[in-house]
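First, one chain by itself in structure tokens, the form predicted alone.
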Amino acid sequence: MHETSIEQQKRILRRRRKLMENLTGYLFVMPNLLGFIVFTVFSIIFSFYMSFTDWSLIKLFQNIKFVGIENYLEMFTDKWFQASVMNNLWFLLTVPVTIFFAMVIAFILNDKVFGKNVFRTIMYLPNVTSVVAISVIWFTLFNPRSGPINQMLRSLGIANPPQWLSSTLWAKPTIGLLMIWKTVGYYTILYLAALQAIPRQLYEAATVDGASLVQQFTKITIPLLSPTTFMLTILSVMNVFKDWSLIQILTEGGPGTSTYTLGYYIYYAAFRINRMGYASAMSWALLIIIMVFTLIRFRVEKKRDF
């Protein structure tokens, strides 16, 4: 009987000790957990509810009008929304270009290149530089009147150089070029990390068999970098659809609707014309579009077997 009592006390002590350990762990994660619940979970739920309302941020929480699915139906007739989607699809062309250049540069820098550490640092600088600073410099470079790009073109004999960001024809390619330049360095670093995991013996064996650098790149590097390429493709698509800061600083969606994107139009609807409900609906539409692209990419990757 006495031994049974001792065993019960030991079990009680173990439960108390385990309870204290769990409580300590919960206390440690509580600040981050509360932040996640308030700023992420609650925000998602609140955004979904507001997508069915007509609400202006200026009115705070007064006069919230429930409109059902009107905000979602409006997107099918909204020419600004449709133009934003089409522009985003155009900007998706920058994704394969960025990934290809990043992979090639990483393949070159991974070899014994003089000063490759300096090149790595230079390539990564655009990713850590302020978006505002990059946009201002880019705007100055492509200024149609006094920018150094057009001055150089005039010195080469081109009397009427492109208007770049002021032109409906050239605005998208200019911003697309900036997207590629800003991102390619970051992707290069990720590819360099992935290349370290590829055994050197594969390249040595390929060299012995007489494979050229191009053949090594296409037959060894590209297939074995497939998981990294898959991840970067998903990240690139997400960044293209949700990015708005470059558009806001450089063109504000102009000229006309030529550079409107979904990210910028959501910002414009929410904070410029105070249609928070419609902006929330477009945010959920953006989520659906990104999910569709992600699922398609998953299916394509699943069918490939290297």
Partner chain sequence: MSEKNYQARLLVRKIGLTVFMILVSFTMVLPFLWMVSSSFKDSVSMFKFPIEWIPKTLNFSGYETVWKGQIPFSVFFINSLKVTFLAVVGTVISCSMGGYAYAKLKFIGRDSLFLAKLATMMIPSQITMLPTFMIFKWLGLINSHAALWIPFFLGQPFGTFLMRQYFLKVPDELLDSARIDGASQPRIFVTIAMPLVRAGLSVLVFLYFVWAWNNYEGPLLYIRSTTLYTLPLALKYFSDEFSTNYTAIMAASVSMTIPILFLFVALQRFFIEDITSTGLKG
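All values derive from a computational prediction rather than experimental measurement. Numbering follows the first chain given and starts at 1. For clarity, a rigid core is taken as the largest C-alpha set superposing within 1.5 Å between two forms.
Below: the form predicted in complex with its partner chain, not depicted.
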From 159, 169, 197, 122: within 4.5 Å of its partner chain in the predicted complex by heavy atoms is 122
Identify, from the list 91, 81, 164, 186, the residue with a heavy atom within 4.5 Å of its partner chain in the predicted complex.
186
Of 71-79, 218-226, 92-100, 150-158, which is the one stretch near its partner chain in the predicted complex, taking non-hydrogen atoms within 4.5 angstroms as near?
150-158
Check whether residue 201 has any heavy atom within 4.5 Å of a heavy atom of its partner chain in the predicted complex, and answer yes or no.
no
Does residue 258 reach its partner chain in the predicted complex if we count a contact as any heavy atom within 4.5 Å?
no
Taking heavy atoms and a 4.5 Å cut-off, does residue 86 contact its partner chain in the predicted complex?
no
Is residue 66 close to its partner chain in the predicted complex, meaning a heavy atom pair under 4.5 Å apart or at it?
no
May I ask you to list the residues of 129-161 that have any heavy atom within 4.5 angstroms of its partner chain in the predicted complex, in sequence order?
129, 130, 131, 132, 133, 136, 137, 138, 140, 141, 143, 146, 147, 148, 151, 152, 155
After fitting the core, residue 59 CA displacement of 2 Å or more between this form and the one not shown:
yes
